[in-house]
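Shown next as structure tokens: one chain only, the form predicted alone.
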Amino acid sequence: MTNDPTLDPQRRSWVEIPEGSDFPIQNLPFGIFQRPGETPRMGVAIGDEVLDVAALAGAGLLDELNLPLGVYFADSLNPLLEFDRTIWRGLRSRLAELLDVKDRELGTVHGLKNRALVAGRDVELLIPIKPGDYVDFYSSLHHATNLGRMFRPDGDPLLPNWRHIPIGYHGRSSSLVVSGTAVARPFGQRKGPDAPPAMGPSERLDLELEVGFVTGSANAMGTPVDVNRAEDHIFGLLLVNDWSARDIQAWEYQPLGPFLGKSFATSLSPWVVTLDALAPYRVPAPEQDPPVLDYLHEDNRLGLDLRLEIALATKAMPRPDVVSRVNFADMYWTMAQQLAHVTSNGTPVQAGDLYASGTVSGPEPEAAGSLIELTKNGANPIKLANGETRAFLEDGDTVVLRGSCGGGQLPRVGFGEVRGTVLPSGQ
């Protein structure tokens, strides 16, 4: 990828890019947007603007790709994801050419420049994918160790299978929502230590800082994906908040794992950052001990140097306060291993499927991706900038997750944010 001109740090766009923007010309993440009174369509983020990819296609500027117009005028990226990496890469490359400061082609097509660029504040960003399946993993060694020490203080914090298998479970794709969607506090069955089971609103509502990857069509049923070819089927990444009701989860999860304590809502950022755009930020993944089985052995194990943060706002403090920072580079199980494991029994992967990393936590106590870790299961509430404290989320709280790569010698390639406000139960 070193010869990919779309990644040239010196490349500039004729679109004004504010300093510190997540979306320089080297990024070009894909999403779905809607102008007032119009149908949804494909867009790309560039600075504070959204490039109307469908308008470019309608004007014939993308004809060389030979894609049906319906791919661009769709209400999700799924039709694009039905194609392979050659097409994904070709589309991103063509858009970079059109946006390059050296290419004024947009301005020469009878005002198309004015019609193809729209201010981000003037559009509605929609959920970018429609997954047939959603899998949530448990891939952070530090997160798994933190929870293991909390709930199994006298034994090994990791269960015997954890270092051998990328642990995961199937989530509920019907409750995936785009950033900005409010989340009602879930109602559910809970049980206190000295009380019978009872129904009521969750009293231990939590967030989970995660990174998800989105797939194209990967394999036929009965044919596993080779771990060393798995990334060929990964279109890109986005931020995920897998909201969690810890009290509901604690009562229900044995013996079959997470269920209603997780399935009430999962929030996604609206922009999918392509794997190609992230190539300069790949780093060696942590060593695995003991060695994994052959089907999980990668010839070149790569993680991603992605800085993540959690911020909280409250009714009394509308400006979000950062409460945790962590790096995605430290994840024990890689995306390729996750996809290879999911398909190891022959299950087919579909275009638009979502695979989330599980909570991302680091080795330091303050570098945790959930409140249950930051507050030691509620025993040590965190203190916010205005003096308020939180053990778990309260009604009216807003969670904001952000992530970016680069800076300095390399362009800042960011993911935007995923945010959600907690509403009282039943709203």
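Numbers for residues come from their place in the sequence shown, where the first is 1. Predicted, not measured: the structure shown is a model, and the values here were computed from it.
One more form of this protein, predicted together with a further copy of the same chain, exists but is not displayed; see below.
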Does a further copy of the same chain, in the model of the complex, lie within 4.5 angstroms of each residue among Asp133, Phe187 and Tyr295, using heavy atoms as the measure? yes
Single option in Gly352, Pro320, Gly168, Gly303 placed near a further copy of the same chain in the model of the complex, where near means a heavy atom within 4.5 Å: Gly168
Can you check 134-142, 311-319, 84-92, 277-285 and let me know which stretch has heavy atoms within 4.5 Å of a further copy of the same chain in the model of the complex? 134-142
I'd like to know whether Val342 contacts a further copy of the same chain in the model of the complex, with contact meaning heavy atoms within 4.5 angstroms. yes
Answer yes if any heavy atom of Pro258 is within 4.5 Å of a heavy atom of a further copy of the same chain in the model of the complex; otherwise answer no. yes
Look up in the model of the complex whether Pro197 has a non-hydrogen atom within 4.5 angstroms of a further copy of the same chain, and give yes or no. yes
Report yes if any heavy atom of Lys113 sits within 4.5 Å of a heavy atom of a further copy of the same chain in the model of the complex; otherwise report no. no
Within 249-265, which residues come within 4.5 Å of a further copy of the same chain in the model of the complex, counting heavy atoms only? Trp251, Glu252, Tyr253, Gln254, Pro255, Leu256, Gly257, Pro258, Phe259, Leu260, Ser263, Phe264, Ala265
